[in-house]
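Consider the single chain below, provided in structure tokens and representing the form predicted alone.
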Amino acid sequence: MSDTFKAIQINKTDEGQTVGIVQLTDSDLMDGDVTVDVAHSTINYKDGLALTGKAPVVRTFPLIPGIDFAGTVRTSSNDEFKIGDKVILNGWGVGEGHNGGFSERARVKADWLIKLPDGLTTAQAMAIGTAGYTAMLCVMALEDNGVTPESGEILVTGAAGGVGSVAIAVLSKLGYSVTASTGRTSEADYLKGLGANAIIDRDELNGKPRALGKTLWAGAVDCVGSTTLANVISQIKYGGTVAACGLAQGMDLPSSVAPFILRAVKLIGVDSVMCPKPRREQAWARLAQDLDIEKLASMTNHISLDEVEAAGSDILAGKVKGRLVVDI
């Protein structure tokens, strides 16, 4: 076993944030009872914020970013995991306050890990990543609140991004009819290939929100927030549900109580970071069952650790389609 490993490290100086690839040893890792040889990671919107410093995602310096990883247990002092187990990590503040997945090695708490579901490789798990796992939590939220394929059309905003792409693929496989909202209408063929029934331009949801709009959607998965989410809420059919998980447009919500008290609309917040372990295990089991692996492959590109910093800027600029896997 090598004593050193390669990782991306973010540091902070008087001049600002620096990002670079460094050689580290186990003494540079943080506390935890399981050490993992990382095979793959991925890039999510939050990783882009961390890598660019455009939002205060990183809370301690120096830090290895990367909110996801999948790999093989190297050492463990926890009975739940043994050497050689294949594992996944999403969230729990990793890549924010605890060293993360853009590294050949990671040490974390066993409570933060789940075992790789049967039928998935570590590369496929990171093609899914936090974005895809969040998408599955959104689908489960719709199901939990009685939204079925028979209820009507489902809207997915930010559709060409990671969460949106996986949400469309899963919903389509489950029999839902899906409309995809995107600012990249040039990606219509890509989105229809994932299972979208129709494509609308995001500008259709960017006008000043009405308290009550024309009812169009039985449910929605929203990755955008702000004005878009307010417009979506105003267009939900009676008793419908919106699963909200993102803030790409903003954290504000210029909405009205009218849809909630006159149409019994439900707005369900979906958090992937601190989601309890049983719920996340359920979501990953569902992904192994309900996500078409061929569609997953069609939305996935692979990059090296050397390309991560540039990809962080690209994802914030809306230049990343689908999912990026980092081959560690």
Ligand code: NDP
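Residue positions are given as counts along the sequence shown, with the first one as 1. All values reported here derive from a predicted model rather than from experimental measurement.
Omitted here: the form predicted together with the ligand. The next part is about that form.
- Of the heavy atoms in Arg202, some are within 4.5 Å of the ligand in the predicted complex.
- The shortest heavy atom separation between Ser256 and the ligand in the predicted complex exceeds 4.5 Å.
- Within 4.5 Å of some heavy atom of the ligand in the predicted complex lies at least one heavy atom of Asp271.
- Remark: Thr182 counts among the residues lining the ligand in the predicted complex, judged by a heavy atom distance of 4.5 Å or less.
- For the three marked residues, Val224, Gly246 and Ile315, a heavy atom of each sits within 4.5 Å of the ligand in the predicted complex.
- Scanning Gly95, Gly71, Gly162, Gly219 against the ligand in the predicted complex with a 4.5 Å heavy atom cut-off leaves one residue, Gly162.
- With the ligand left out of view, the stretch that reaches within 4.5 Å of it through heavy atoms in the predicted complex is, among 33-41, 298-306, 271-279, 50-58, 271-279.
- The partner is not shown here, but in the predicted complex the stretch 107-132 reaches within 4.5 angstroms of the ligand through a heavy atom at Thr130, Ala131.
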